[in-house]
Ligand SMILES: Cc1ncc(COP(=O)(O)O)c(C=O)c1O
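Only one chain is shown below, in structure tokens, and it's the form predicted alone.
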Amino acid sequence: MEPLSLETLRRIDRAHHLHPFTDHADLERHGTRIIRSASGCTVIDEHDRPLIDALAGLWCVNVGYGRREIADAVHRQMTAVAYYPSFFNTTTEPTILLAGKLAQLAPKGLGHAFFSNSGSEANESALKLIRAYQKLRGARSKQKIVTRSFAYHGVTLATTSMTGLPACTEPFDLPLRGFVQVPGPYAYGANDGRTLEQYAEHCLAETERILLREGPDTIAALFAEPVQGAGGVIVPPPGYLRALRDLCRRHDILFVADEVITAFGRLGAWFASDLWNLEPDLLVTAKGITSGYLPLGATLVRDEIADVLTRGGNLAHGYTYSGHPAATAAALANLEIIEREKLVERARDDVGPYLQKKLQALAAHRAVAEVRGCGLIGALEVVPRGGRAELTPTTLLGVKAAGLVREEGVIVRGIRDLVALAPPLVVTHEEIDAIFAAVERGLDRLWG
């Protein structure tokens, strides 16, 4: 069969494909971008142009593209048992082994895993497991869920209701009832003269005020991303997250760490919860668990909670593809690469500090008002010539800058008026240099 032309592919895509998180009018004007191949930190587009992927797909391709070890593991598994469910007292070998491996790697006490297909589903599963747990322990009134402004927890009806981004909630008339929002530590966004530490203290005080207003006996859990990724790479000050965790413990509220982005090495630790001593009751993962090679999510559950759930009768929750053997085989191969190549240590001791050094150097650029980062994730807040006073909800300078940076050969993400980046853990110093050179050229062009 002859390969289809670019125009034919774009025509079919236009006619039949509803893209996620896409302005389809813009897609009509500019045409679909198609990635033809990928290797390491580089993808090849529809014009055979190499682009350094400084967002690791969607914060997830931790081991880089083209890893034959993962493809081979998936092929072996699909040849042996391509699929069998984990329902009805049955499962497959790689799914068992992955549950054990996660218990070994995860923060102490998180010894049970419930598998799903994405971060959204992993958070949705956490919600249902929490409701079941609270009911089984005689606390049926504890049903409200607390999340923070600028949070991103997924796109189901419930997880969108947890998400603190109006662009995600308003088109669907969400949130649903029973979801409560407290302030996240986005001091730059607040722009009220307080330091990050001072603003975080305010957030903690305001969070406790809201918890008391709602009634702790009505609140089941609080969900928090250690670094709020899609909300703008919001990095908390030291001590804030642990204080948030302790606040939940004082009021008998479960603390859930949403580590869909931060797990598996992104911050220079296997889990941010270990990095910041969070001791979560549940921990949600996806993305880096397979480096995006196949869809997989996992909700890790503290042993004491799992004990209540497993003694409560039939656990009537799950997905057809929960613990899909090809996906769990991919995860095992992916985690083996991370361990063998010491990518967590590399992010902690080598490329993470190097990326942060380059990020801090860009803080002096005339178009940059603030930089934030930790490990292999970072963001730059972009301002117009007239400064922050000229920013509006429609300036979208980050989105415009990301488009210019792509023209310079690097993929980053534009969020509101900021540029976010999170390259694969295998990124080299030379590639980091190229990323920041392209970002600087893009910012120069933005200002003209």
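A quick note: this is a predicted structure, and the numbers were derived from the prediction, not measured. Start at 1 with the first residue shown and count on from there.
Note that the form predicted together with the named molecule isn't included here; everything after this is about it.
> Heavy atoms within 4.5 Å of the named molecule in the model of the complex: does residue 261 have any?
Taking the distances in the model of the complex, the answer for residue 261 is yes, it comes within 4.5 Å of the named molecule.
> Given that the named molecule is not shown alongside this chain, does residue 266 nevertheless sit within 4.5 Å of it in the model of the complex, heavy atom to heavy atom?
Residue 266: no contact with the named molecule in the model of the complex.
> Considering only heavy atoms, tell me if residue 225 and the named molecule come within 4.5 Å of each other in the model of the complex.
Contact with the named molecule, yes.
> Given that the partner is absent here, does residue 123 sit within 4.5 Å of the named molecule in the model of the complex, heavy atoms only?
Yes, contact at 4.5 Å.
> Only one of 148 to 156, 130 to 138, 298 to 306, 213 to 221 has heavy atoms within 4.5 Å of the named molecule in the model of the complex; I'd like to know which.
It is the stretch 148 to 156.
> Of 323, 185, 119, 375, which one comes within 4.5 Å of the named molecule in the model of the complex, counting heavy atoms only?
Exactly one residue meets the criterion: 119.
> Heavy atom within 4.5 Å of the named molecule in the model of the complex: which residues of 371 to 396 meet that condition, in order?
Result: empty, none.
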